[in-house]
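Starting off, we have a lone chain in the form predicted alone, written out as structure tokens.
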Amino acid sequence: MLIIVLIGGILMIAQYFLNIPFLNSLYKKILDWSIVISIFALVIAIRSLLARQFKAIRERTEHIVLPLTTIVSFSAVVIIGLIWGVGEGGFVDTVYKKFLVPMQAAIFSLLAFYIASASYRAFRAKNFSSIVLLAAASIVIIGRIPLGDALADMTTVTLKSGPFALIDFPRWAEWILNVPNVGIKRAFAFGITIGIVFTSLKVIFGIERGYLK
């Protein structure tokens, strides 16, 4: 297995940097095989999900209703979808639009309260860094709501650098999102990319073997 990973990793790296027809063709075939492997991985994931639910039922846990609901809903949607299809207006489409979409909206609505609670704890002005964070967040929040537009329209104050609304929060928010925020995002992306490269090299050369367990 380690030899296969080593050879495959070296070939894929060479394909990226070298324009060799054989490696390009091999890369396309591997991508096709990855689709097939992902299908089998989905089957294994479904089997693992159902196995955990049946185990919870056998052990008679306190929340036995949850695994029962999972098994029944999963089986019903799969069977009905295989028999009557998954086209628009069908049963599966109706279940998706009438049940899954509202439940996702409810989950994200609850998540918004957790984000607000975490923001309240993070925005306490304890030191200089937290003060900067609080000021930037406040400007972005005000600049993204109608109140920011109303304040920008109410003022006619200008700065020495030219016409610029002193409390033009939408413009300030846009600058914060497009200049310092983008720089920080690029720094994060650069660090993550370096981490991915080193992790890939560790896997290719057999240093990291956790996937073999």
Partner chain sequence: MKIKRQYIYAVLFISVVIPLATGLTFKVRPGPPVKKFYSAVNGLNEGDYAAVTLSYDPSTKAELNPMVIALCGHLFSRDVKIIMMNPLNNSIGNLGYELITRAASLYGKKENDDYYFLGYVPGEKSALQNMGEDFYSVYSKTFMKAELKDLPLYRDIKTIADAKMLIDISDGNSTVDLLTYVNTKYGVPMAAGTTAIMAGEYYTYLNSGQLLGMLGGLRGAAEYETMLGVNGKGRRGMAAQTFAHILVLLLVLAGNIEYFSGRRK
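Positions refer to the first chain, counted from 1. If you're wondering where the values come from, they're calculated on a predicted model, not measured in any experiment.
What follows is about the form predicted together with its partner chain, which we do not show.
K.L.:
Mark F22 yes when one of its heavy atoms lies within 4.5 Å of a heavy atom of its partner chain in the predicted bound form, and no otherwise.
P.N.:
No, F22 is distant from the partner.
K.L.:
Even though the partner isn't displayed, in the predicted bound form is R60 close enough to its partner chain, meaning a heavy atom within 4.5 Å?
P.N.:
No, no contact at 4.5 Å.
K.L.:
Using 4.5 Å between non-hydrogen atoms, is F54 touching its partner chain in the predicted bound form?
P.N.:
Judged by the heavy-atom cut-off of 4.5 Å, F54 is well away from its partner chain in the predicted bound form.
K.L.:
For the stretch 93-130, which residues lie within 4.5 Å of its partner chain in the predicted bound form by non-hydrogen atom distance?
P.N.:
Counting only heavy atoms within 4.5 Å of its partner chain in the predicted bound form, the contacting residues of 93-130 are D93, Y96, K97, V101, Q104, A105, F108, A112, F113, Y114, A116, S117, S119, Y120, F123, R124, A125, K126.
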